[in-house]
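A lone chain, given as structure tokens: the form predicted alone.
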């Protein structure tokens, strides 16, 4: 299994622990990664609003780099996955648009051919590694840990562009948690928005969204939450203290990146997974885990 790794911005900026843990997990599971070091930001859905063609062009440039390597693209960010999936589908299906975008790329000697696919690490773990292999790789079962999955928006919607999970009743994170030995928590907030897109414009609304989802997970008995999106992680972890003040209740909810939770089950250390980088301590969740086998 070999992929062209598209890190996105957050994993090289605000959430370096995501990149660190994803690379470590990939090594253990035999996932070979060739990082797309000259790829640009995906635009996070914002650029598309201002300049749709520029948004398509920067992502077509990323796809072309992966095509040159003959590799599918792997993302570790739910937002990147949604943006890249939509761009790839649009470019593959709309010939006039593809020709127009390739004309923009031509001065740099780059062309998008439509031969690559884009997969989030979550999808790779489910489809390519497989849950059976993952179960057999577990060295520290998550038994006793009650985990609330939090998907976020972009990894589920629009489903016509993603085509992996049911946006109204997804199961991939739940299957992964169970395969690692954990107990999954079912709650309505798992498919809702974290509020991150609003945080700079309407902070109180964003905190109500992210804090409300976290509070619901806590009421349902969760020991921690896990998300495949670093923007969701920032909203739920970095802004949790502010959400607590607004809600008037203590949350104290550890938030794991997807590869961190997987890495714990695979026997990686707290240092390997960069757990000290979190603002909300994960110690309470770690105390729930048994010894490594």
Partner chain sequence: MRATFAIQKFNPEIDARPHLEEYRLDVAWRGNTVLDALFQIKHQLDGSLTFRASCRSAICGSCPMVINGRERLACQTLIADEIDRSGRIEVKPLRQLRVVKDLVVEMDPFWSKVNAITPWLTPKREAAFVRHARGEIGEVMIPQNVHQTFYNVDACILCGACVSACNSLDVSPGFLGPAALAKAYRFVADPREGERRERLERLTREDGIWDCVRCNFCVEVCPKDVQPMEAIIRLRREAIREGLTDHPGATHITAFMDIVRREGRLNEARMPLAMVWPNLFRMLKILPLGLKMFVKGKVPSFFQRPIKGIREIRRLFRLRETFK
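Since the structure is predicted, the reported quantities are computational estimates derived from the model, not experimental observations. Numbering follows the first chain given and starts at 1.
We do not show the form predicted together with its partner chain, though everything after this point is about it.
Novice: Just one of 132, 186, 94, 108 has a heavy atom within 4.5 angstroms of its partner chain in the model of the complex, so which one?
Specialist: So the residue touching its partner chain in the model of the complex, by this definition, is 108.
Novice: What is the one choice in 72, 114, 181, 158 with a heavy atom within 4.5 Å of its partner chain in the model of the complex?
Specialist: Contact check passes for 158.
Novice: Given that the partner is absent here, does residue 168 sit within 4.5 Å of its partner chain in the model of the complex, heavy atoms only?
Specialist: Yes - in the model of the complex, heavy atoms of residue 168 and its partner chain come within 4.5 Å of each other.
Novice: Though only this chain appears here, would residue 267 touch its partner chain in the model of the complex if you measure heavy atom gaps against 4.5 Å?
Specialist: Residue 267: no contact with its partner chain in the model of the complex.
Novice: Would residue 241 sit within 4.5 Å of its partner chain in the model of the complex, counting heavy atoms only?
Specialist: Yes - in the model of the complex, heavy atoms of residue 241 and its partner chain come within 4.5 Å of each other.
Novice: Although its partner chain is absent from this view, report whether residue 285 comes within 4.5 Å of it in the model of the complex, heavy atoms only.
Specialist: It does not: once its partner chain is placed as it appears in the model of the complex, residue 285 has no heavy atom within 4.5 Å of it.
Novice: Establish, in the model of the complex, whether 154, 197 and 205 all lie within 4.5 Å of its partner chain, using non-hydrogen atoms for the distance.
Specialist: The answer is yes: all three residues contact the partner (heavy atom, 4.5 Å cut-off).
Novice: Which is the contacting stretch out of 26-34, 56-64, 248-256, 221-229, given heavy atoms within 4.5 Å of its partner chain in the model of the complex?
Specialist: Selected stretch: 56-64.
Novice: For the stretch 171-196, return the residues whose heavy atoms include at least one within 4.5 Å of its partner chain in the model of the complex, in the order they occur.
Specialist: Residues within 4.5 Å: 191, 192, 193, 195.
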